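Consider the single chain below, provided in structure tokens and representing the form predicted alone.
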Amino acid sequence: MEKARISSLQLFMLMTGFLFGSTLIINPIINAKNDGWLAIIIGGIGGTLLLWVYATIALLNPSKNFVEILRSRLGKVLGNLLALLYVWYFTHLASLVFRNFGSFITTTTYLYTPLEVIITIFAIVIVYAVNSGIEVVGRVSELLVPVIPVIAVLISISLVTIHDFTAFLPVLENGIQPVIKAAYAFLTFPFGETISFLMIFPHLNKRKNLRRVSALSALSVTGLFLFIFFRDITALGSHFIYQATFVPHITSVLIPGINLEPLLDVNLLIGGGIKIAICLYAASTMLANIIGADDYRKFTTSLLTFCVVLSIWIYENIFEMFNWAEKVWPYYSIPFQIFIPLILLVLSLIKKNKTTLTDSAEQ
């Protein structure tokens, strides 16, 4: 594993940027309509608990990365097999995020630029960052991630005179079921995707802060999404939000004479770049661990090339992209985000209790 250390602040920024990622593009709470704020709160609480599970797994297995945890708790053969599945999962996730951003940019900003060009340029920057090491990615996140809430506030200030504070009423007009469904989608996208940080957690220089940092990042992003949701719904109305394709983009072009669209693009590119970088780093370091290679950088270019090709090939059009995110991804992710981590948590707790009992008996 790479001999690198990141601070608690850098981990917080990495996780915050990762969680922001492409969530505004896909908007998992859209089906809750004007009750989206309830879905954000419920999903955010669930996401915080899920991140607590991931952090606890890391703390119960000190100095072990994800591959080593899988091997020690499930055996070498099954552990390596599941690790390979996670390599696919992280690579697949990176390709999906590539396509999210490529589709967004070519639909809203660069209408005459081929999708392949946008994704390839984005990929070149990301592979350079990942090859520079997780410390460099952490330092870059310290500089760029604080820009995300600043831009969100700037856009909101510009919309201060355009508002309808009754747009999210009545509460639970369509019942609780759409809210629960949207909250679960919000749980799996983006919170469950932070399972990739089990390859990052061993680099934290103060492990005692791990749970706190994870919880703070989840709560901060939940608060940011709540802020953005109320901004968008009061400016556009619940009906228009439900019908729109890219809601934040529409909000950013509402002010006459002021072009705020580039600010939104910057925000999304920061979050998306960090998310893809973490996924690529996790996939390449896991693959290096499985094979026994001495340097994860041997795999970054080939994995990223595969991601780029897959991102271009995976959907026929933008409607397939939204359909996959809404109907397939929440269920496709269950074993990777919930089942396997919970099994690892239980096995790690059992191992800890056995060790504690053994130590007590010896004393």
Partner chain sequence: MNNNMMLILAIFIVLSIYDVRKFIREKESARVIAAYAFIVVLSLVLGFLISIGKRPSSPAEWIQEILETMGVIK
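If you're wondering where the values come from, they're calculated on a predicted model, not measured in any experiment. Positions refer to the first chain, counted from 1.
Heads up, the form predicted together with the partner chain isn't pictured, but that's what we're talking about next.
The stretch that touches the partner chain in the predicted complex, counting heavy atoms within 4.5 Å, is 116-124, out of 274-282, 194-202, 145-153, 116-124. The candidate spot formed by W37, T48 and A55 is out of contact with the partner chain in the predicted complex: none of the three has a heavy atom within 4.5 Å. Mapping the unseen interface onto this chain, R207 falls outside it, with no heavy atom inside 4.5 Å of the partner chain in the predicted complex. Interface membership of F299, defined by any non-hydrogen atom within 4.5 Å of the partner chain in the predicted complex, is confirmed.
Although the partner is absent here, V67 sits far enough away that none of its heavy atoms falls within 4.5 Å of the partner chain in the predicted complex. Contact check for I26: every heavy atom lies farther than 4.5 Å from the partner chain in the predicted complex. Listed residues I157, A293, V77, I176 were compared with the partner chain in the predicted complex; A293 is the one with a heavy atom within 4.5 Å.
Though the partner chain is absent from this view, in the predicted complex it lies within 4.5 Å of a heavy atom of just one residue from I338, L60, I41, I312, which is I312. Looking at 312-338, the residues that come within 4.5 Å of the partner chain in the predicted complex, counting any heavy atom, are I312, W313, I314, Y315, E316, E320, N323, W324, K327, V328, Y331, Y332.
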